[in-house]
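Only one chain is included here, represented as C-alpha cells and corresponding to the form predicted alone.
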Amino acid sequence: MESASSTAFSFALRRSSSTKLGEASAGSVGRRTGRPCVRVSALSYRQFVQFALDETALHTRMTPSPLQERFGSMKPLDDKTEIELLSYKAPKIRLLRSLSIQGEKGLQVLDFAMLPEPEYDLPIFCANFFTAAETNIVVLDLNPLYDVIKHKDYKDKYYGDLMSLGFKYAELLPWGGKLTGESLRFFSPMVIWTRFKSSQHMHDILYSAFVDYLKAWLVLMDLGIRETDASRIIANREAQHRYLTWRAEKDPGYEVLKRLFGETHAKNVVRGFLFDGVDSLGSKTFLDYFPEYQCEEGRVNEKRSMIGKSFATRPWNRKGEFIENCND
C-alpha cells in the first residue's frame, strides 16, 4: 500500500483545524438536515456529537441513513433517561451513527462511529465513552480495518503521520489497565484506552482529543482513493464484517441497553444500528472468524480472553511499533 502524502496530509490537517476548539458552527447540520441544535450542559456528550456532525458536514454531503427512520424514535422503558440515536450516510461513509444516553446519577454513554464504504480501506472512527457517578471509561481510536501488528503497510499508510497526535493524548489520558490480546487486534497504535475520575479539566481534555481524532479521520477520508480492484473491495468488506461481528458479540454496553430497552430491542439496536452490516456485509458467523471461542456444545464461550495475554501498559512505542514483551 502506498502511504498518503505527508505534505498533503499536513496541509489538509491544518485546513481542517482552522476552526477553534468548541467553535463548530452551531446549527449548520441543523440547517442541512432539519435537526435542531441541542442545548447541552458542560459535561454532556451531546456536545461531542454536535461538533462531529457539524465538522463532517464541512467535508462531505451528509444525508439521513435509512436506519434513522427505524431507530431514531426509540424510547427507553423508563421516563428518566434521555436517549438519542442518529444515523447518516455520505459518499465515502457507509454509516455515521451515534447513540447517546443521559440518565440518573450521572450516567452518560456515547457510542459514536463512522464506517467507510467497502470501496475504501479507511480506518473506522470509534468513540466509546461511559460515565457513571465519578467513573469514566474511554476508548477513542481510528480502528484499523486490517490488523496493524500483521500488516505494517497498512499501519504506515494510515498511522505513520498520526503517532505524535496519539502520544500527545496518551500522556494526558494514560493507559486504563489490562487489555486483552483479542481486543488489541482491533485497535491502532494511537488508541486512547483510559479511565479517570470526572472533572471539567478531564472532560475538556477528552473533548479536545475527540475533536483532533475526528479531524484527523476526516483528512484521511478526504485523501481516500476509491478502490477499483474487485478483490480488494471484497477483502475490505470482509475485514469490516469481521470487525462488526466481533463488536456485536462482545459489546460491553449490551447490559445497559437491555435495561433501557428490554432484551429484544437491545439486540436489535446492537445488530441493526450500532453494528449495522453484521447481517448484510457477509455471511460468516462469529465462530467462523473466531473458532477458538467455540464450546463443545457449539455455543460461543463468553470468556473475555482466549489468548491468555493482557496488556497492562501501552504496547506500542512512539513510532507505532508493537512491543511484544509488555504483556502479563
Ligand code: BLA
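Being a predicted model, the structure only gives us computed values, none of them experimental. Position 1 is the first residue in the sequence shown; the rest follow in order.
Another form exists, predicted together with biliverdine IX alpha (BLA); not displayed. Remarks below refer to it.
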Open or blocked: site for biliverdine IX alpha (BLA), pose in the model of the complex superimposed, 2.4 Å backbone/C-beta cut-off, 3-atom minimum: open
Listed range touching biliverdine IX alpha (BLA), judged in the model of the complex by heavy atoms within 4.5 Å, from 217-225, 247-255, 165-173, 197-205: 247-255
Site check S87, S98 and F125: each within 4.5 Å of biliverdine IX alpha (BLA) in the model of the complex by heavy atom: no
Y159, Y120, W193, Y146 - the one with a heavy atom within 4.5 Å of biliverdine IX alpha (BLA) in the model of the complex: W193
Option touching biliverdine IX alpha (BLA), based on a heavy atom within 4.5 Å in the model of the complex, out of N236, S183, Q102, S188: S183
Any non-hydrogen atom of F210 within 4.5 angstroms of biliverdine IX alpha (BLA) in the model of the complex: no
L179 within 4.5 Å of biliverdine IX alpha (BLA) in the model of the complex, heavy atoms: yes
4.5 Å heavy atom contact, I93 and biliverdine IX alpha (BLA) in the model of the complex: no
is_contact(I83, biliverdine IX alpha (BLA)) in the model of the complex, heavy atom dist at most 4.5 Å: no
